[in-house]
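What follows is a single chain, given as structure tokens, in the form predicted on its own.
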Amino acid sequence: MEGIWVGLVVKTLAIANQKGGCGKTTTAVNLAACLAAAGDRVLLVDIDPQSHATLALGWEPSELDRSMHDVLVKADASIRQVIRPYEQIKGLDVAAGSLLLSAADLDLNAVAGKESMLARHLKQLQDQYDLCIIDCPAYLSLMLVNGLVASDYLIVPVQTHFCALYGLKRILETVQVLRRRLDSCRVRVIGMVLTFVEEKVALSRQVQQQLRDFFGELVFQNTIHRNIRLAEAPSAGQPIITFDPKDRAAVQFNALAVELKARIHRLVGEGV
């Protein structure tokens, strides 16, 4: 995929599912890390009030002087002020989140065009990155709407458990509503990634097969299996590819990054 980004306006990718515990932040952090390690310029934007993406890469949100909350609610704040380089991987930057984002719905209640605040800030970075990856909240809020409106594509992580299908249904409905009601929303689902896969568990295999039967090629071929080392990596402030580069999860996320990049390349070629 060398040269995919040449002459291409930066692409923005939301990671979202309206169900917690599906591996959303894990997917965002590790995809961003793998793409940057492969040579791309990647910005990971944390707009989830839990700020787990920020924590997972070694920053304590409460100790940061500015965050994405300031960017979105303060007229004099610039997104460049909250971007920090992740020193272990060249090309990976993080726009940090904070708990204050939970109040953004109230802070922006009377602001015109509030659903496009993030999109306007990201336009300032068109020449700086190849790809922006947005870690969105796992519930319907102004931050989720901002993440989707700002994005070209959406990846939905889906845990291979029955209840996860309801979160998938809700996020797909949200996308349809936003595209219908907001001219500024152009996001489309680029794929679903199966997480917490357990090949020896019948229910996991059943849910995986149901998703592939119904959604076909929209489901990524590469999956992320339940993995202890992957769960331990955030406590060290690292993605899996630096925490344990030989671990199975590192191999799986690298393969998923390659598949994602190929999918973006195909869609760009089709003019989508």
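Only a predicted model underlies this, so the values are computations on that prediction, with no experimental measurement involved. When you see a residue number, it is the position in the sequence shown, counting from 1.
The same protein has a further form, the form predicted together with ligand ADP, not shown here; the description that follows concerns it.
- Partner proximity in the model of the complex, defined as non-hydrogen atoms within 4.5 angstroms of ligand ADP, places exactly one of 36-44, 22-30, 65-73, 207-215 at the interface: 22-30.
- Contact annotation: Tyr86 falls outside 4.5 Å of ligand ADP in the model of the complex, judged by heavy atom distances.
- Among heavy atoms of Ala231, some come within 4.5 Å of ligand ADP in the model of the complex.
- At the 4.5 Å threshold, heavy atoms of Ile224 reach ligand ADP in the model of the complex.
- Within 4.5 Å of some heavy atom of ligand ADP in the model of the complex lies at least one heavy atom of Phe196.
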